[in-house]
Structures are given as C-alpha cells and as structure tokens.
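Read the single chain below, which is given as structure tokens and is the form predicted alone.
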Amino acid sequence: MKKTKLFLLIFIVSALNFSAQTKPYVLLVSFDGFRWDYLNRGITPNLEKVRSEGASAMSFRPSFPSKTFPNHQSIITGMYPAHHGIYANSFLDQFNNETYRLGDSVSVTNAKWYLGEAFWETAERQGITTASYFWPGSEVKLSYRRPTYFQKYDHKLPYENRIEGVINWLKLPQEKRPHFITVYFHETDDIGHKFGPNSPECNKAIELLDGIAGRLLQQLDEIKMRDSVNVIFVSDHGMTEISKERVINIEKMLEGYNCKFLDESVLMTIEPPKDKVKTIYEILKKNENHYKVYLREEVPQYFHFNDNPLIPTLVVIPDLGWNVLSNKGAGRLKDDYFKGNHGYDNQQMDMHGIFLAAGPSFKNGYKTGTLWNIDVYPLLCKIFDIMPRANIDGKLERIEFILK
C-alpha cells in the first residue's frame, strides 16, 4: 500500500513538472510610439536580427484612435477601443460624472472602466501564471483581474531595472515562474512627441530601444532561456510631424453655444446642448476644412468607434498632422509646442507600428504585410492552446500563419 502511494506521489510530481516544462513562454515587449519605418533607418541591428530570425510584419495597424492606452488595451484584449471601454487616454462618463484619465492612479486602477478581458485574465483562469512589468490595466484593484506578478507604473524607472525584473521572474523556480510576461518602454514616444519622428533626437531614441532589445535577448541567453522564450516586439502606434500652423480652433466657431469639449488635439469629442445638436453639427459641417465631423452613430464603420454610449454626441477627426482644439487648448500653444503626435486615422501609415516575433512558436525569416493589433490576443491563445473569449474583435485567421 505504501509503495502504491509513493508511486502515485512520484507520478503526480513528475506530471506537474512535465506540464510546467511543456507550457510555452511568451515575453510581450511594447516600444511606445515606435513607427513601422524606424526599422528601415539602418540603426536597429538587434531588431533586424530578430526580424531575420523570426516572423515580422511590414507594419502593425493600431486601432482607432491611435493613442497609447486604447491600443495597449486592444493588443491585450483583442477588442476595439469602443468595445473594451478605454476609447481615449482620458474621457468622461457623463452618466456618472466620473473621469478616466491617464496619469490618475485612482481611475486607471478602477476595474469598472476595463470592459474587455486582458489576456492575463484569460490565461490565469486556465492555469497559466502571468506577470506584467507595466501595461495599462495590469494594476486594477481587483486581484482576480491582475497578473500574478505586477509592478505599479513608474515612468522614471530605469529600463535596466525593468529588464532585470523580467529576468528575475524567469529565474524563479519552475512552479512559480510566469509563462506570460509583458514589459513596456516609452522612449520613442516621449522623444517623438517633443522633437518629431524625423529628428536626430528620435534616431537616438530608436538606437536606445534597439540596445534595450539586444540587452534583453542577451540576458535571456545568459539564463539559458533564449531558445525557450517567444519574444514579441510590438508598438501601440506610430508618430507624425505636426506644427503650430496646422491648428483649427473648433470652439471659436461655436462661441455662445455652451458646448462641452471633452477631448481635443488629434480627436475632438463634443457634447452640445440637447436642443442645439443639429445647429452645431451644421456649423461644423459647413466649415469642414482639414477635418471631418460626425454624429457618433455616423462615424464610418471602419473606425469601429460608434457603438459605445460614453462617446459624446459629436466626433471631430482632423486630417493627418492637423490639430483640432478648444480655446483652452489653443491658448496653451507655445514656442516649444510638440513637433510629433499620434491618434489619427489608423489607416494612415504614419500611425502604424512594428510587429516582430522570434522563438520556438514562430516561423524563421518569415515576412508578411500589415498585421492588426486586435489579432494578438487570439494569437496568444493559440500559442498557449487555451480558449479565447467569444466576444473579441480579433481574428486568428488573419495572423496564425506566422506560427510554425
């Protein structure tokens, strides 16, 4: 009897160890604002090596609007921003008079805003341990909606510390080690905004992140996990040149109408008084020049931006490189005005980012055209052989051909 129990114990332990060894590893790396063609400047040898060894896309199409928080959520949930709830970096819930705002630790950790299921939620529920060294939504206060391991966002934390944190997670004992990890780096977004995507400063930021990629891969080599880990490099959006000369003051056209301007710059949302909607719409329509105005329900379907009740009544979308502002926004313009921006029409190539992936699950030296960021979630489910949510917008058939 004792021998039987011992045998069963050995069998169970062996089975658990085998299961842990056969589960894949995926490291999802975000380079914020890294435009698709930054790879073609001849200054990214480490990323070029990943491209030659693995699978890569010509470009990576963001969801609309092509902003940071909406697209990090689209990547991790497989849903368009209007569907996962984070449709802008900042927005107002007019029904409850509550605001979601990037940089506000209270709102960004409130789970009520996140309508989509992040991949780490899907994975954890199906037995996959996960971790996040920064990703929008990873810090929510509901423990069952967070990764097992996560870090509170610190914009100033040195990149080397982030890499060290990821490597330390991978050095944990097998039974505690996360198999899915996200990590985030912001350099090309910050510098692209300040100096523009075609500046020498931006090239230095590109080189810096390429060095980060090289260091990350080198440390995976040092812990002898380079061949075991699927590393996916993505960006949430691209960047385009802007200037103070390409600015439209929308509020100036609507003086005296008491409108609420709830977002502005590369996308403006307006809530007019209920009895003035038609009048306001006609004024903006009559003056259309370098922008388009829509009633929310009439926003073109290809934007997937017209079926969320929190989106205000009127939506103004400027041409690439133009800004639509309120009086307050126009008054903030100074000599050091940002020279780069994003958030525009996601079909525009300047808004596209990168997708590179290398590891045991991916084809070698495989190049394809444009991939969509909402398709990463079902791709991750395929790699881990787990069941995706049924309500996602992403489609596996648009991306699974990059897998072995």
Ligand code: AMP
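Fair warning: this is a prediction, and the values are worked out from it, not measured in the lab. In case it trips you up, residue 1 is the first one in the sequence shown, and so on.
We do not show the form predicted together with the ligand, though everything after this point is about it.
**Student:** Does at least one non-hydrogen atom of Ser361 fall within 4.5 angstroms of the ligand in the predicted complex?
**Tutor:** Ser361 lies outside the contact set for the ligand.
**Student:** Taking the ligand as it sits in the predicted complex, is Thr44 in contact with it (heavy atom to heavy atom, 4.5 Å or less)?
**Tutor:** Thr44: no contact with the ligand in the predicted complex.
**Student:** Report yes if any heavy atom of Asp307 sits within 4.5 Å of a heavy atom of the ligand in the predicted complex; otherwise report no.
**Tutor:** Looking in the predicted complex, residue contacts with the ligand do not include Asp307, since no heavy atom lies within 4.5 Å.
**Student:** Would Asn89 show up as a contact with the ligand in the predicted complex if we use heavy atoms at 4.5 Å?
**Tutor:** Taking the distances in the predicted complex, the answer for Asn89 is yes, it comes within 4.5 Å of the ligand.
**Student:** Do all of Phe69, Pro136 and Glu139 end up near the ligand in the predicted complex, with near meaning a heavy atom within 4.5 Å?
**Tutor:** Yes.
**Student:** Partner absent here, but in the predicted complex, which of 207-215, 78-86, 241-249, 128-136 has residues with a heavy atom within 4.5 Å of the ligand?
**Tutor:** Checking each option against the 4.5 Å cut-off leaves 128-136.
**Student:** In the predicted complex, which of the listed residues (Trp322, Tyr153, Phe195, Trp169) lies with a heavy atom within 4.5 Å of the ligand?
**Tutor:** The option sitting close enough to the partner is Tyr153.
**Student:** Just one of Tyr149, Phe261, Tyr184, Trp113 has a heavy atom within 4.5 Å of the ligand in the predicted complex. Which one?
**Tutor:** Checking each option against the ligand in the predicted complex, the one that comes within 4.5 Å is Tyr184.
**Student:** Could you list which residues of 187-226 come within 4.5 Å of the ligand in the predicted complex, counting heavy atoms only?
**Tutor:** Residues within 4.5 Å: Asp189, Asp190, His193.
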